[in-house]
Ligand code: KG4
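First, one chain by itself in structure tokens, the form predicted alone.
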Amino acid sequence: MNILGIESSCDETACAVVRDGREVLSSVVYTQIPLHRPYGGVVPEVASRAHIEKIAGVIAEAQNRFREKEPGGKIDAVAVTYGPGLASSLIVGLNAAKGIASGLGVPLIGVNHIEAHLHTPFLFDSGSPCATPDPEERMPALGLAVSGGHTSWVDMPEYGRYEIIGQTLDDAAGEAFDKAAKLLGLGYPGGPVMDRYAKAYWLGRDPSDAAGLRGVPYPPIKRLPDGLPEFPKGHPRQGSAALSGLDADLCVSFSGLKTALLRYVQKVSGASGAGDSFAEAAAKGALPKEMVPAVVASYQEAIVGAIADRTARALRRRAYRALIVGGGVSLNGRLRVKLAEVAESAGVELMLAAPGNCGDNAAMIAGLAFYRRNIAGDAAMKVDVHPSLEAGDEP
């Protein structure tokens, strides 16, 4: 079964064709990073306009690549993200998908973006040996969706069933990286550059040597050296209303970490004003250049340590067969090392997506649609966008 998927939840316009939920026959992603870099983050109006301008071309290119690989091949269904994400961006992709499904006379399938991230480790490129198991063979599993907009721990008793058991109460991990990079003057997006600076610190290398650091593994790290600031790992208090009934031990808060970095920069740079925003603090003063890699390394350890700790706790709740990780932040080299340690200690298989499938893409949308079709046909044609959708939710 060939499913054409469309993804437009944030700042990537993407289309892909996937066979039987796993074999990627074509995948095209137009990234808007250059458009948003001057603002230090995604601007919804800019994002939606870019989706409108690019989506037709992206879909056409994905279809052309599919036809080149599969002459005479047919699309059997169309899948699309209907949430969560930016409403103005989601609308563009949803309307395009409805039009294509109607034009082709095939069913439409609505897909949850968070759930789709947890399908990425099961995808493989057409023409390559299939090195991933059938997802149904790895249940029950613990899912970890970690991206710019989401940090969630998801119980997956069987494939296609999802229950959030822990999550961030404020900033997602990717957002915490982006805001820190903006404060430290490292640019946007923050995750990759923060990872590079931290790795350079631990290796004693120059962080500006991006090519030289690429592919080099992190050295063993046992503890922070004396003199480095130790940032909080964001453990919420049990009983907090923000938990909404979730276990505090499986949740995280990154807003305090962000504030701790802000105050540290103010202290070192001599900037005053407890109420200063990130932008105001950055304008008033910055860390000495030679201090930045060390501070980034400590800040990243707080984020990675918090995620690894909650994951280890979640894995002790029940007998899982696998730890399934998806989302753009799962590309972080230090996080991959820590999660491998956690999975090995728990005796479960760690399943990570190929680097090209970690960020937002349409292959994950088309892939999951093969297994999860609870919103399909007439129901999908009537569905509206759901910007605040969570894993396991129904519209």
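All residue numbers are counted from 1 along the displayed sequence. This is a predicted model, so every value here is computed, not measured.
The protein also exists as the form predicted together with this ligand; that form is not presented, and the subsequent description refers to it.
*Asks:* Using a 4.5 Å heavy atom cut-off, state whether Gly148 contacts this ligand in the predicted complex.
*Replies:* Judged by the heavy-atom cut-off of 4.5 Å, Gly148 is in contact with this ligand in the predicted complex.
*Asks:* Would Leu331 show up as a contact with this ligand in the predicted complex if we use heavy atoms at 4.5 Å?
*Replies:* Yes - in the predicted complex, heavy atoms of Leu331 and this ligand come within 4.5 Å of each other.
*Asks:* Looking at the partner-bound form in the predicted complex, is Ala50 within 4.5 Å of this ligand by any heavy atom?
*Replies:* Because no heavy atom of Ala50 falls inside 4.5 Å of this ligand in the predicted complex, the answer is no.
*Asks:* Should Ala343 be classed as touching this ligand in the predicted complex when contacts are defined as heavy atoms within 4.5 Å?
*Replies:* So Ala343 does not count as contacting this ligand.
*Asks:* Tell me, out of Gly73, Pro192, Pro229, Gly305, which residue has a non-hydrogen atom within 4.5 angstroms of this ligand in the predicted complex.
*Replies:* Going through each option in turn, the one that passes is Pro192.
*Asks:* Could you tell me which one of Asp178, Glu301, Asp155, Asp171 places a heavy atom within 4.5 Å of this ligand in the predicted complex?
*Replies:* Answer to the contact question: Asp178.
*Asks:* What stretch, of 343-351, 359-367, 56-64, 22-30, brings heavy atoms to within 4.5 Å of this ligand in the predicted complex?
*Replies:* Looking at the partner contacts, the answer comes out as 359-367.
*Asks:* Taking this ligand in the predicted complex, which residues along 94-120 bring a heavy atom to within 4.5 Å of it?
*Replies:* Heavy-atom contacts within 4.5 Å come from His113, His117.
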